[in-house]
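Below you'll find only one chain, the form predicted alone, shown as structure tokens.
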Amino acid sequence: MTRIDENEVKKALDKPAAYGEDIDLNEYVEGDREVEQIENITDTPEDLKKRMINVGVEADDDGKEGTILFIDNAMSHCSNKAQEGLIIMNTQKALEMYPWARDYYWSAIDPTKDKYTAKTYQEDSDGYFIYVKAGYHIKTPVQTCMMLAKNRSVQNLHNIIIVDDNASLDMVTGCTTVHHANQALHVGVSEMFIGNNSSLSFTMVHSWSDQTAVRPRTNVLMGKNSNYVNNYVVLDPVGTIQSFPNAYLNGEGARCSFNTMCIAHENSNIDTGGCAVLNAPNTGAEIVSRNISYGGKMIARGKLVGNAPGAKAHLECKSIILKDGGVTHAIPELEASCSDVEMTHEAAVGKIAQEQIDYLMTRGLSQDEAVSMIVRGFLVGGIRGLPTNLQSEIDAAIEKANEGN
């Protein structure tokens, strides 16, 4: 852990984020740090189970190596079926048990980045700690669920994921609220470390409430020949989201992929994207976003930074407006400090072509069915590696959006 200037952190408590709507942290109280403990995930209360399933997290351990449930600011459930080769626990406990964990703590993200990271640091926030030992390949996914249960509260989480050399891990994370926590704030600081010849697939699915504010902060440090896949899915109404994860490809031959799928409903303000910094030779990156506005505001950002020879990367932002009053804004950005790089970008904003609808209607579909099929294909077309159980949720979200169109 690098030395941190406490005075600078205190100053950063008033520092707005570089992007997105500013949030007044004084409007929220700290989320609960003592919550009900659920020993067996199958015993989760029915109302919470429904929220978990809606974001791709199963309320059982079948086909999963581990499950974590956080409610507000405390861990409610933690199970580890893999045992050998995998450590799963809450972050604060890991810092107590494993002195080496301190080497990772606040080493990938600067707590003075903005008010959200500063608040997480000052409160010694808890979160989940996942470590895959060198040489181990976790066969089935680890699933986590971050749940807001207290209205007008802030959930501050600090997560650490370490995939050591010659190892691999798939994760599915669902973020959601219970019905009475509509106006809460979620802040999730995640530091990820991928070793040499290792891979991490990380799928995050959001289903918040229409007044929830969401401010995740994620940095990923990547070693030689490592691979990182980030899938980010927002299908339901939300108040405001601002997310811009960064991957630093520091090892030769590293590869990363950011895939974003968002529906901006009326009154939603969504600002998402990703940044790949290619610091080592022969690294590669891809940033793909598919976004639809049903009356909400949708900003899609993407940034590629080429700093080493042989770096190749592509950025693609595509958006559709399906309801008047909606706004989409694509902001692609390329930056290079080396002559031997190849980086491209493509951005497009438009509408569904009438000829596509007409063609599908000649094949026996109604107009609504034709629109739904086109929207579904547009959303999932650029996203790879989504959990199969999310397909029904994607279909349901599209149908729901069409009903309100």
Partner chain sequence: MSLLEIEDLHVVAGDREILKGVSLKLEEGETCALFGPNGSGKSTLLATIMGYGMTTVTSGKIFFKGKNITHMSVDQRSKLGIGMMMQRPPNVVGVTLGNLVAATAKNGKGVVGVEKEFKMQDFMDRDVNVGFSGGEIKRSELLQLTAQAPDFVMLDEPESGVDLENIDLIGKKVHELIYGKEGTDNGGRKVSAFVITHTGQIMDYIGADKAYVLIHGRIAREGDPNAILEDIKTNGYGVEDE
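Positions refer to the first chain, counted from 1. Because the structure is a prediction, the values reported are computed rather than measured.
Same protein, other form: the form predicted in complex with its partner chain, not shown, and the subject of what follows.
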item: Residue among Ala336, Val349, Ile53, Ile374 with a heavy atom within 4.5 Å of its partner chain in the predicted complex; value: Ile374
item: Of Glu355, Glu39, Asp60, Glu342, the one that lies within 4.5 Å of its partner chain in the predicted complex (heavy atoms); value: Glu355
item: Partner contact for Gly364 in the predicted complex: its partner chain, 4.5 angstroms, heavy atom; value: yes
item: Its partner chain in the predicted complex: contacting segment from 66-74, 355-363, 27-35, 40-48, heavy atom within 4.5 Å; value: 355-363
